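Next comes just one chain, in structure tokens: the form predicted alone.
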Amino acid sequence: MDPSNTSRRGFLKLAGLAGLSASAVGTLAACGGGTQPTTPGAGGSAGGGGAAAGTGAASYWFLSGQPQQAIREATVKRFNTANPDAAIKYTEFQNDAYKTKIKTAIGAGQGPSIIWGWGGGGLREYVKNNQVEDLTSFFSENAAVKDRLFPSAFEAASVDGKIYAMPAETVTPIVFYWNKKVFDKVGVQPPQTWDDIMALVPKFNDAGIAPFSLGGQSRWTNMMWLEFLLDRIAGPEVFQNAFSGKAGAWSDPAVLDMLTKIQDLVKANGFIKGFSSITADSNADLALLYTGKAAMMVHGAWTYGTMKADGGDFVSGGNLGYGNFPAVTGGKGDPTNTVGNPAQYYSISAKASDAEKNTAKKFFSTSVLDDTEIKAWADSGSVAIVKGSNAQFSGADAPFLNFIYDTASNAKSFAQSWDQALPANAAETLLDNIAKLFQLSITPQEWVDNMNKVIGQ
């Protein structure tokens, strides 16, 4: 998942971050796009995937865009300094250019030795086509490498019980936000359950305040509601069935319950009037919350920085409330579960030579998320997926960063964003049907039928 001006897939598009504190910038890290042209790295290749034949030198493609780009470069350079005979040559790409380039290159057998990615559905496609290395035995032989990382980061790195990617970089879960001033004005408390949410809706509407802000035109913003609701109702297994391609997976009764609950909220005027015309890219949804026109919002951790920069004293004055998504009474989902972007992912090409694979594995075990990189992520305001990385947090943003750290590290399940987890065709159908669901133009059963048709595609 990704944001920036809050387009998640442009997540690392830092255009909206000018003027933000380093910490603010960092909370935006997760999936996303750079702003610089395709760039051969220092000492890097000119864009070809392969490293020098017969040597241990490996090639590595990753995204541009600061501050993530500089941190990635520095990690490679430290490795190269320590391993001059098996150096890594990197090439950097803008987000959208990378998605096209990497897919074409891997398909042609000309991809890099080390592949930067988002895990989930994209990784599953690589595995299906025998394009990436099975790293299960590597993690078994290097238990310390695995044990220091958040366990929840491995879900999107795994396919059919085997690990095909090294979880890396940072974590960004979805957060339940509220405006404390608005709650005080209406005289109510933050919701603990779905029933509390529904009870708050008429109270805020009677006060002339929209219960929830939502940039519904972006579609993925609506999706975050379904991700949490399905988890709270039935746990992570129902979506896992759809992710695994099980026929009829969306016919689970919990899915109909989820869809009905959302339409009940829409019909009760739970969302800001005209939400289907509001884009997340404009950050108008965030403004509705920090100006008090809306009381609550479900959105990514990356929005903290933008609200801090643009919301006056909303954040600095302690008016921003935040927590995990409320429980559903009687639901099977663990309330510590969360959704969002559990990490970024590094895979090794199946086409790489044995020497290149050894170099990549040495890079994973000695340099990726070493102490220097962990500190760099913390200094940029991001939460590295390493146990104990919270020791690096300080300053005014430390409470929020600690909340993100605790949410990610304590989650029994950290579900990857559905549109990242599913194959591209199914993801587009998902987003289209979610938009129609929120617009009340299809019934829950029609949603189920439409989604069952694209399972496994």
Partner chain sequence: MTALAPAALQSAPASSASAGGGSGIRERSLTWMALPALLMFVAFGVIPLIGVLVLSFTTWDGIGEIRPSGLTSWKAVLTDPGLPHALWVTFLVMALTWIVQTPMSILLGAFLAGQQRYRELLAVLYFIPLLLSSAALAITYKALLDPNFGLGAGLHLPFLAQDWLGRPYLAVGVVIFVVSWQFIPFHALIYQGGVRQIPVTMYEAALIDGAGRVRQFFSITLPQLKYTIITSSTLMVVGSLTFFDLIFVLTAGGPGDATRVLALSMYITGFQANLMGPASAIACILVLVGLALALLLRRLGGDATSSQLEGA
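Bear in mind that the values here come from a model prediction, so they are computed numbers and not experimental data. Positions refer to the first chain, counted from 1.
Only in words, not in the display: the form predicted in complex with its partner chain, which the text now covers.
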property: Heavy atom contact within 4.5 Å of its partner chain in the predicted bound form, the stretch among 335-343, 127-135, 188-196, 297-305; result: 127-135
property: Contact at Lys273, Thr279 and Asn425 by its partner chain in the predicted bound form, all three, heavy atom at most 4.5 Å; result: yes
property: Proximity of Gln439 to its partner chain in the predicted bound form, heavy atoms at 4.5 Å; result: yes
property: Contact label in the predicted bound form: Thr75 to its partner chain, heavy atom within 4.5 Å; result: no
property: Its partner chain contact in the predicted bound form: Ser365, any heavy atom under 4.5 Å; result: no
property: In the predicted bound form, Lys293 touching its partner chain (heavy atom, 4.5 Å); result: yes
property: Contact residue in the predicted bound form, chosen from Lys103, Lys203, Lys181, Lys146 - any heavy atom within 4.5 Å of its partner chain; result: Lys103
property: The unique member of Ala284, Leu256, Ala207, Ala268 whose heavy atoms fall within 4.5 Å of its partner chain in the predicted bound form; result: Ala284
property: Partner contacts for 206-233, taking its partner chain in the predicted bound form and a 4.5 Å heavy atom cut-off; result: Gln217, Arg219
